[in-house]
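In the form predicted alone, a lone chain appears below as structure tokens.
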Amino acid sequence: MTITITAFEKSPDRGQGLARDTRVRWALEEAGQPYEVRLVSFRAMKEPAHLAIHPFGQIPTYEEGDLALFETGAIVLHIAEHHAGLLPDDANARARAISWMFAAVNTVEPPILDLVTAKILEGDKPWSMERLPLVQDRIRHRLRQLASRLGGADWLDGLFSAGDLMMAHVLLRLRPSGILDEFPGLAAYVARGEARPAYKRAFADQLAVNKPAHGGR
């Protein structure tokens, strides 16, 4: 069955790999699974056809036969559970990898997204300059904890897994702020993720969509 995912017709980051479809593309590339991409405009994301798949009107979505999924964590977990390369064979190691997937989206990503809110959506509020340092401090607190756990290891729990895929991409979204550079070990961790051939293919495909001369995947 053909796998089809959705992505921004015109990504707000202009194809720099920050949009969440990167995680799904990356997972499919790691798993060696071919897929098609249906590009969706901001208007189409709010129309009934897309809302039937993603009730919150966002991207990405994942369709395979009768199965339709939304939320990157759920999509990547589905890919990892059905194809080799993203979860360990050992049951305990597999459970730990899944724990890191949840940690990425539930513990590390929320303050990072809050930074975007504070800078872009609330930047013109009279209290924004007071709030911004608090948001940044919450991010640094989480990064110190994560850096302590990672230590000098290449990956979070032995070999690369879906947990690293999700965590590295969450941290990648922090790069424009400059905060990631304050933690050299985590910056190197993200760079190792970006150096993986599967990530490079996923990034190149997303970037190609956003080139002016792009004529379709």
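Numbering starts at 1 and runs along the sequence shown. Model, not experiment: these values are computed from the prediction.
What follows is about the form predicted in complex with S-(P-nitrobenzyl)glutathione (GTB), which we do not show.
Candidate stretches 148-156, 182-190, 55-63, 29-37 - the one whose heavy atoms come within 4.5 Å of S-(P-nitrobenzyl)glutathione (GTB) in the predicted complex: Result for this chain: 55-63.
Listed residue (13, 205, 194, 9) with a non-hydrogen atom within 4.5 angstroms of S-(P-nitrobenzyl)glutathione (GTB) in the predicted complex: Flagged contact: 13.
Contact flag, residue 71 vs S-(P-nitrobenzyl)glutathione (GTB) in the predicted complex, heavy atom cut 4.5 Å: Residue 71: contacts S-(P-nitrobenzyl)glutathione (GTB) in the predicted complex.
Residue 25: touches S-(P-nitrobenzyl)glutathione (GTB) in the predicted complex, heavy atom cutoff 4.5 angstroms: Close contact is absent here: in the predicted complex, residue 25 is far from S-(P-nitrobenzyl)glutathione (GTB), nothing within 4.5 Å, heavy atoms only.
4.5 Å heavy atom contact, residue 209 and S-(P-nitrobenzyl)glutathione (GTB) in the predicted complex: No, residue 209 stays farther than 4.5 Å from S-(P-nitrobenzyl)glutathione (GTB) in the predicted complex.
Residue 198 within 4.5 Å of S-(P-nitrobenzyl)glutathione (GTB) in the predicted complex, heavy atoms: Output for residue 198 is no: heavy atoms all beyond 4.5 Å of S-(P-nitrobenzyl)glutathione (GTB).
S-(P-nitrobenzyl)glutathione (GTB) in the predicted complex - contacting residues of 134-149, heavy atom within 4.5 Å: Sequence-ordered list is empty.
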